[in-house]
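There is one chain below, alone, in structure tokens, taken in the form predicted on its own.
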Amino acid sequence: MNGLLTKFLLKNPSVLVFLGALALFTAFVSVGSEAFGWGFISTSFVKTLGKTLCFCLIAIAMDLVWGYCGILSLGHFAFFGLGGYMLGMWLMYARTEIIVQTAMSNEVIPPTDQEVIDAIGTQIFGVVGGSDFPMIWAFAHLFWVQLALVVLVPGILALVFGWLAFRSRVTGVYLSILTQAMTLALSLYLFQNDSGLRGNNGLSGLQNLPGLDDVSQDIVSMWFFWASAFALGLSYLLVKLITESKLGNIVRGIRDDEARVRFLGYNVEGYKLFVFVLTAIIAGIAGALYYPQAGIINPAEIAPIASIYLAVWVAIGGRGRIYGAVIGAAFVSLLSTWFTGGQAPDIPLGIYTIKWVDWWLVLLGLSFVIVTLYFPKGIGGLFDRLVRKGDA
């Protein structure tokens, strides 16, 4: 196995370059962090960088399903959000349990287990006028079960949806509309208070790790940053192994001429379903790493517009280039933080002042149009052209 991996890396030096660059970036942030380094990188910015790595992770998933398999999914942020909800349920339950047990520890008569559970339910669901745990919270107290659900819930939803869609041979824009409809339906359902996930309030306080109150946020932020970097590197390697194999050739063939691949005897629906489920799982893992760094998750995060932004990131970075998806997601995410965070200076024009907070989405849309018309291969395509010129 090690020999095959070594052979693959030698044949694909770009993978080593990417993993090496990611390792150097991770080391630089670690050295510059307030937790383990010189402190010139603030904890809030470490969290921003960690969340950006999670966006890069879901962008890899999007590029595999769209750039290589030709399925323009406008629903992958639904899987991203579901992964965040699954881990967020455990984080919120465990943290609330500690608070309730501490508050009840001074009572003369020790509370029963049921009284503790009822108090936890009241603390969590009181904001939506409830106190009983819905069935979907049955395993919220079990960390390893919820961790498994981070993979299983997005994977099963993608399996069911993909099987129904692909067996009906829905393709092109119709499939994109279906994925968007799935995302919208899920988002609207989660907005309801009786959905079991606190409706519009969502899950909050996710940045606080249960039982680790004595660990400062600067250290916790670095832990999640490292986990995000590791997941990104592992996923990049996995996706490159797929795209550079015979499986990758078949997937690209489905993208370019699905009918011909089917005529050659390949089970097109099976391959598409495999890619769709795998990318949904990667998106779920990305969400599980993202929301503890964001601290809160609510149904607005799953709205269809988020998946459209994801497609824009991949298009700007360069569809069909895994590293291009990473570049696009990182570039747009960090630029968005700069413009919407009030760091970009306003431009006074006499009777009107351009405030980038209001104009950022317009700028993003124009950038997408320009890239689509004049640079269809995105930033990654420009990089490829520079490399070819250098070799010449």
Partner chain sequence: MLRVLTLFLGLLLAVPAFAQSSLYDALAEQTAGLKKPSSKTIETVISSLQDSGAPGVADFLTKLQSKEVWYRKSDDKFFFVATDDKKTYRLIDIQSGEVVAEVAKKEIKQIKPNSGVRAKIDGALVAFRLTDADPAVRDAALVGISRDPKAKDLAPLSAALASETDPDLKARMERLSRVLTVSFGDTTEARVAAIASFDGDLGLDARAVLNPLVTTTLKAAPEVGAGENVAKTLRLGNDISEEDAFDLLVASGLAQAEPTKGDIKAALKANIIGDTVGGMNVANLGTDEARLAAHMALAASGAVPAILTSEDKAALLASAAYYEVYAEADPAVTAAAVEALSSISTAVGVSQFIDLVLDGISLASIYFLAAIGLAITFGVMRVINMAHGEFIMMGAYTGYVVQQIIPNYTVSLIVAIPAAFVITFAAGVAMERLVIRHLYHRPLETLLATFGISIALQQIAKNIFGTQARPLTSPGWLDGALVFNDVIAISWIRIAIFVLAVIFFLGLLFVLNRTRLGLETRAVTQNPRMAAAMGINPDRINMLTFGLGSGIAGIAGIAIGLFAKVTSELGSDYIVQSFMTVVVGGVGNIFGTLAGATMIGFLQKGIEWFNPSNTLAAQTYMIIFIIIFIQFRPRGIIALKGRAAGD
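Positions refer to the first chain, counted from 1. None of the values given here were measured: they were computed from a predicted structure.
Beyond what is shown, the protein has a form predicted in complex with its partner chain; the following relates to that form.
> Looking at Leu212, Ala138, Leu264, Leu164 here, can you tell me which has any non-hydrogen atom within 4.5 angstroms of its partner chain in the predicted complex?
Residue within 4.5 Å of the partner: Leu164.
> Only one of Thr102, Asn249, Thr112, Ser216 gets a heavy atom within 4.5 Å of its partner chain in the predicted complex. Which one?
By the 4.5 Å heavy-atom cutoff, the listed residue in contact is Thr112.
> Heavy atoms within 4.5 Å of its partner chain in the predicted complex: does Ala181 have any?
The answer is yes: Ala181 has a heavy atom within 4.5 Å of its partner chain.
> If you check in the predicted complex, is Phe230 within 4.5 Å of its partner chain, heavy atoms only?
No.
> Is there a non-hydrogen atom of Gly365 within 4.5 angstroms of a non-hydrogen atom of its partner chain in the predicted complex?
Taking the distances in the predicted complex, the answer for Gly365 is yes, it comes within 4.5 Å of its partner chain.
> If we define contact as a non-hydrogen atom of the residue within 4.5 angstroms of the partner, is Ser245 a contact of its partner chain in the predicted complex?
Heavy-atom contact with its partner chain at 4.5 Å: absent for Ser245.
> On the criterion of a non-hydrogen atom at 4.5 angstroms or closer, are Leu72, Trp359 and Leu373 all touching its partner chain in the predicted complex?
The answer is yes: all three residues contact the partner (heavy atom, 4.5 Å cut-off).
> Among the candidate stretches 92-100, 75-83, 139-147, 301-309, which one is within 4.5 Å of its partner chain in the predicted complex when only heavy atoms are counted?
So the stretch in question is 301-309.
> Using a 4.5 Å cut-off on heavy atoms, which residues of 171-193 contact its partner chain in the predicted complex?
Heavy-atom contacts to its partner chain in the predicted complex: Gly172, Val173, Tyr174, Ser176, Ile177, Leu178, Gln180, Ala181, Met182, Leu184, Ala185, Leu188, Tyr189, Phe191, Gln192.
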